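Just the one chain here, the form predicted on its own, laid out as structure tokens.
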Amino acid sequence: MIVFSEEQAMLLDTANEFCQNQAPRSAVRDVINAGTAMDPALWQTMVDLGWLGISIPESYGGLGMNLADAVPIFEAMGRQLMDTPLLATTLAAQVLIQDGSDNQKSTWLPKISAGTIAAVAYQENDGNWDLGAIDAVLTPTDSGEFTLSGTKMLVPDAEVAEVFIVSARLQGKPVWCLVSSESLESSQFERETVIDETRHSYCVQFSDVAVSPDDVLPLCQFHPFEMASMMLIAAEMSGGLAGVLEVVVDYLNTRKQFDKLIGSYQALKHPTVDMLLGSELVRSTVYHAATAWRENESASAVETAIRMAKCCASEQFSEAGDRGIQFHGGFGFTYDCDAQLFLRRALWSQYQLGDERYQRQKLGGLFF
């Protein structure tokens, strides 16, 4: 079942218009070359639109909507290859909503709604997709506090985040803990070189960082965080697939060979139609997952829908990105061709929290 709510339709129209006007694809290379994490004015506009508070309860300064209502926003951003701290911050807010104490929620959720950037640090050195495989350790001290030691990889937007939610082990049990950026030195951040140059990914060294007992979250549920992450990443991938299809169609209707537009050749028409069908398939699975999330269906149904969406998006987006380069001929294999930006985003997203093979294995475990 797919239910596209009035709120989602409104947000999709607003997000598409905003992303096309405020962050056109022509600006992607400018952002890469500048090496900056974000445009402060652009971020403030997103804050003013209320995007950071969509899934945050009204009692904490948010809009009190459902996380599924944010799917159209991430779809529109993916179409333009936008990279802002919105994904990282939205997921951090989800962890606080699910697992935080009343005091932690009342302290941080209003700040996030107002524009404070947050990030979740969960990825270990070995790249394990199992969120419970944690090497970072939270150790009690004689003073009643804790020290956090460990290294986290692929931490998004770490250089601008004001607070981190870090996964660790406390006396053998997994926990989330809050770490303020003020307790970290610049030497503890190392920018990572990843295939998607629009992503700002960091290795963060949490070396004997002091953590107050008040900053240890009372609950630690990895599953809701994993499902929320995959749903929003799949939404971005759905938008990216539509974006690369636009680039391909524009080129097919512009480039001529033997005095004929190359789009007139069946050898290029057929795979383009395959890309379109793939795009529709991914979009359908993404909004089916969003519907299952919003309707609060059973945990098994939600997980099945989200893993199907991530599986389809991983497969179809990487295929479309590859086609986008091929269709541009020799120029497509150069750095100057914008098609490669979509392939880079596809490959980056494909391996976040598990590629299509991993998702199929997990889906098999749900049924057998």
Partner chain sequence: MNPAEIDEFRVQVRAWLSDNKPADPGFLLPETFMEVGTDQQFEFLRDWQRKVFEAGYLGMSWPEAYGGGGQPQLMQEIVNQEMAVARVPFVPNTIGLNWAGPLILDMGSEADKNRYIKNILSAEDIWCQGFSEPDHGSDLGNAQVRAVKDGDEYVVNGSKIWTSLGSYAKYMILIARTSTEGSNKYAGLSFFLAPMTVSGIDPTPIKKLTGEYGFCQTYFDDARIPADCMLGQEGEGWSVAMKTLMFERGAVGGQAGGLSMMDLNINDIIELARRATRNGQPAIDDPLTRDELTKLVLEARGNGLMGSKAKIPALNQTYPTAVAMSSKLRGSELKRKMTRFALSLQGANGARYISEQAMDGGKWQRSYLNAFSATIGGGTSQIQKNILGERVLGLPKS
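Source: prediction; values computed, not measured. Numbering follows the first chain given and starts at 1.
Just so you know, the form predicted together with the partner chain exists too; it's not on screen, but the next bit is about it.
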Residue among Val179, Leu281, Leu217, Leu131 with a heavy atom within 4.5 Å of the partner chain in the predicted complex
Leu281
Heavy atom within 4.5 Å of the partner chain in the predicted complex: which of Ile195, Val273, Ala210, Ala114?
Val273
Hey, in the predicted complex, is Gln340 touching the partner chain, heavy atoms inside 4.5 Å?
no
Report whether the minimum heavy atom distance between Lys269 and the partner chain in the predicted complex is within 4.5 Å.
yes
Since only the chain is shown here, I'm wondering whether Ala70 would be in contact with the partner chain in the predicted complex (any heavy atom pair within 4.5 Å).
no
Should Ala136 be counted as a contact of the partner chain in the predicted complex, where contact means heavy atoms within 4.5 Å?
no
So which of 144-152, 195-203, 169-177, 287-295 is the stretch with heavy atoms within 4.5 Å of the partner chain in the predicted complex?
287-295
Only counting heavy atoms and a 4.5 Å limit, does any residue of 250-270 reach the partner chain in the predicted complex, and if so which ones?
Leu252, Asn253, Leu261, Gly263, Ser264, Gln266, Lys269, His270
